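What follows is a pair of forms of the same protein chain, given separately as structure tokens and numbered structure 1 and structure 2.
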Structure 1
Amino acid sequence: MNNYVLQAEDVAIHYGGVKAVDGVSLTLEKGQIRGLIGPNGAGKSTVIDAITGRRRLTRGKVMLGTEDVSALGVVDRRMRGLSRSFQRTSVFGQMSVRKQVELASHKMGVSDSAADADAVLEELDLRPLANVIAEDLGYGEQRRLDLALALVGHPSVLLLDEPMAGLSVQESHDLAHHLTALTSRRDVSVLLVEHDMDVVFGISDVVTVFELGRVIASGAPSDVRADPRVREAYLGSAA
């Protein structure tokens, strides 16, 4: 027995001849933040697609707690606490901030969905924008709304695909702060895909490095940073 909240075993996703993800194993413990880095096209987003059910597995299996969810669809996995945000902002353009966050919370079966939505909006500093239509928000605000949609309903696992992309230094710093606070307060485990090395190495408990659809290194941030293969393949000699 183990106490992993999430376990991906030998996961592979092939697009025809392209092996976007080719035999990846990953785990998340309760309350853990795992950073996932790798060069463009390494397969980071695809592995999130695989875990959330957006893409069908070519091979492998995904365990959520003790349940094999490999055969389940996106909706069923989300209902079981597996939640994600998107690299390309994905919100409901014509709906107000509160309406969509409240709807998401309601769909998750939260009894007081209005309170849950307001709490999440508060945590992400979106409360003052609650009545704004999503498409009228600024880019950074939309990123936070995307995150809010993933956060409601008390998910156990959050897969965040470059949540800091396009944010200012200050904004990503704040978001990183939010994330660490969230994991402890909401007891949620996070897989954080991010290009901002300071953020990843700053807030992750463990870091995994991808290259060409495979894991080339995994472990404590300091060990990964020191790994010669990682330095060569990804961080560059300057790191």
Structure 2
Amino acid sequence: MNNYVLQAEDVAIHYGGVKAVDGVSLTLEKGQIRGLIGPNGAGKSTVIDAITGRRRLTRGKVMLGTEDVSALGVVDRRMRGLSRSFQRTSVFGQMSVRKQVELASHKMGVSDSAADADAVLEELDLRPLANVIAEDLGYGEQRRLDLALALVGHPSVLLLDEPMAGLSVQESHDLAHHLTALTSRRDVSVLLVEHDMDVVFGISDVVTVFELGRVIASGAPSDVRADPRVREAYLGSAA
């Protein structure tokens, strides 16, 4: 019996003759961080959209645990434990940090949304900022709040689309630390799309490389970094 919390099998997203994603298969094990890298336009964000239900599959299927969720929409997948964040923050600027995290938890149907919100804020070092209006936060703090909103309701799988974008080196380091802690403390598995190679190769258990909508390499970070195809297609070029 496998230990997969997420499986994407032969996933394809075609727009007419354009194959944005073409036959991608990947898995995520319990407690694992899988990094997804590749040049701009390689299909990484489209795969995330396919897994979360924002894009209709041309073919293939998505399994969350033992359930086939391919026909379910975004909300139903979220309620079953499949959560994500976006390249741009989705916080509510005029609302306090704690209020919006608690509101998100309530919308997830959590019986004690106050306790859930407190736990998430504590996890991401946001408790001291609980009463601060979101628009008054620094950008790095807003990214942590964005992550907090994705963590309410105890999701089993967290898909992150470039969470380090726009962060300073120190902020990226701090957020990477939080991500590695989350996998054990909150029992969540992470699929990470990121251009910061230091972060990806530093915290990922497995790295998968995309090019032109297909997987060209996947494995341990050290093996992927040494793969000549990867070096030619991506690591030696601008991200």
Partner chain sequence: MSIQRMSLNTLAALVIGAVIALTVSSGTVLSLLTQAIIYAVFAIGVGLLLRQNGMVSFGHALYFGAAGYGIGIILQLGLMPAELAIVVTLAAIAIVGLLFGLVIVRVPGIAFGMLTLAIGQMFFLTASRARGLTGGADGMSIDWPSTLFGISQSVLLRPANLFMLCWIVLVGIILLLALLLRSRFGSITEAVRDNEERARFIGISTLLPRAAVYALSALVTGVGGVLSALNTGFISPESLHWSLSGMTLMMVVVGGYKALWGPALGAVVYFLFKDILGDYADHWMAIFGIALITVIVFSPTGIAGALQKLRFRHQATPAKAAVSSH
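FYI, numbering is relative to structure 1, first residue = 1. This is a predicted model, so every value here is computed, not measured. What we label the rigid core is the largest C-alpha set whose atoms superpose within 1.5 Å from one form to the other.
- The second of the two standalone chains is derived from the form predicted on its own.
- Taking the rigid core as fixed, one finds a CA shift for Met95 of 2 Å or more between the two structures.
- In this overlay on the rigid core, Asp136 has a C-alpha that sits 2 Å or more away from its partner position between the two structures.
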